[in-house]
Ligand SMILES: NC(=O)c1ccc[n+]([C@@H]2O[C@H](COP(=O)([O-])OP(=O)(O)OC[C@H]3O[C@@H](n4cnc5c(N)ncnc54)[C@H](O)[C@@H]3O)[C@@H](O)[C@H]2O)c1
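Let's start with one chain on its own, the form predicted alone, as structure tokens.
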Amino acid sequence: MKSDTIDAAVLGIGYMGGIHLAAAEESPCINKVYGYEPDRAKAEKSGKELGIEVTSDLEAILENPEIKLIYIASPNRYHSELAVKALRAGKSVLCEKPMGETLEQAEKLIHAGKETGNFLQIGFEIHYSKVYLLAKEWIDRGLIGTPVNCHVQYYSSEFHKKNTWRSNSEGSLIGEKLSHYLDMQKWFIGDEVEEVFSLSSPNVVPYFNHPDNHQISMRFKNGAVSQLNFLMYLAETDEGDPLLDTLKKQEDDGHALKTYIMGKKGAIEIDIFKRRIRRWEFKDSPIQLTSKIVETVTYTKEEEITWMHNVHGQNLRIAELAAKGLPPEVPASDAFNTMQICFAAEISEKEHRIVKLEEL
């Protein structure tokens, strides 16, 4: 094995596990990749299909001194448990969000990271995705002035399907899915969240064990506010036609994933289904406040993997950081704060009240 490379293991060889595995196999910083599945038959089957060593013996992974990095892509309820074990075994850890299905699980994980001092980063890949990085760059350059308001409109079809761990989960889609966009809003506003208020209407999807819609509002300490409006049933069902440009087809069938960031000097719109980001400039005039679109950037279908949800790029970077002994680029404490916001939203929906972050 080369001295400048490490071995890695992926815990959970499902859909997300496959994405983590692909990045690990591509990384020049990783020499060998292992897999873990708790079911022995599934582990053997996955190993043969993928051409790697997949075991059902977790201790064999944790006790292997060559394995320095663990990617955790298991079902949500195992995230905290597996990450804590990996950290206590001396491994660097990239854990998919959420950090846990309960605040207590998330706290155990953050404490294990602090106590061991080992590398811990949570998979918020928006921080590595070009369209969102460009928006953050515009904000940091002062092109829209101080951000005061952020909206996310997210409408999709139901794509988790019946009798899956996601549709049967005790945890809501807030931590599983919407945490990306709550974290993003916090990143763009650049301040601490003070209070959260969330509503959900009765379900349209009858077999979901949790709400299929959320309307989440946050107030920041500097007075800025943000809103996230989510529905998981409106859009036309995706039939998965490989001959269609999926985003082009879904652009006008009820799907939506738009982000608006309003500042005192301008605004930014990110429209995922149009593969576009635009910037407005506000000016004062003797008659009124004027608004003009001054910058538009688009990207292609071939580029969207790096522009939209760059999990692959994130995972390559994590391998490099772990191999070189560098610290996380998105602190686990920041991710934990996002998890607090997610749980505050769930409490708000259940108790029909505004929840202050200081309560948690």
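So that there is no doubt, residue numbering starts at 1 and follows the sequence shown. These numbers were taken from a predicted model, which means no experiment stands behind them.
The same protein has a further form, the form predicted in complex with this ligand, not shown here; the description that follows concerns it.
(message) Is it the case that L82, even though its partner is missing from this view, gets within 4.5 Å of this ligand in the predicted complex, heavy atoms only?
(response) Judged by the heavy-atom cut-off of 4.5 Å, L82 is in contact with this ligand in the predicted complex.
(message) Against this ligand in the predicted complex, would K130 count as a contact residue? Criterion: heavy atoms within 4.5 Å.
(response) It does not: once this ligand is placed as it appears in the predicted complex, K130 has no heavy atom within 4.5 Å of it.
(request) Consider K97 of the chain shown here, and say whether it contacts this ligand in the predicted complex, taking contact as heavy atoms within 4.5 Å. (result) Taking the distances in the predicted complex, the answer for K97 is yes, it comes within 4.5 Å of this ligand.
(request) Report yes if any heavy atom of C342 sits within 4.5 Å of a heavy atom of this ligand in the predicted complex; otherwise report no. (result) Although this ligand is absent here, C342 would stay clear of it in the predicted complex, with no heavy atoms inside 4.5 Å.
(message) G12, E176 and H309 - do all three of these have some heavy atom no more than 4.5 Å from this ligand in the predicted complex?
(response) Every residue of the candidate spot has a heavy atom within 4.5 Å of this ligand in the predicted complex.
(message) Partner absent here, but in the predicted complex, which of 62-70, 30-38, 324-332, 288-296 has residues with a heavy atom within 4.5 Å of this ligand?
(response) So the stretch in question is 30-38.
(message) Under a 4.5 angstroms heavy atom criterion, identify the one residue in K274, R166, K108, R219 near this ligand in the predicted complex.
(response) Contact check passes for R166.
(request) Report the residue, out of R279, H214, K91, H180, that has at least one non-hydrogen atom within 4.5 angstroms of this ligand in the predicted complex. (result) Comparing distances to this ligand in the predicted complex, the residue within 4.5 Å is H180.
(request) Let me know which residues along 45-75 have a heavy atom within 4.5 Å of this ligand in the predicted complex, or say none if there are none. (result) Result: A73, S74, P75.
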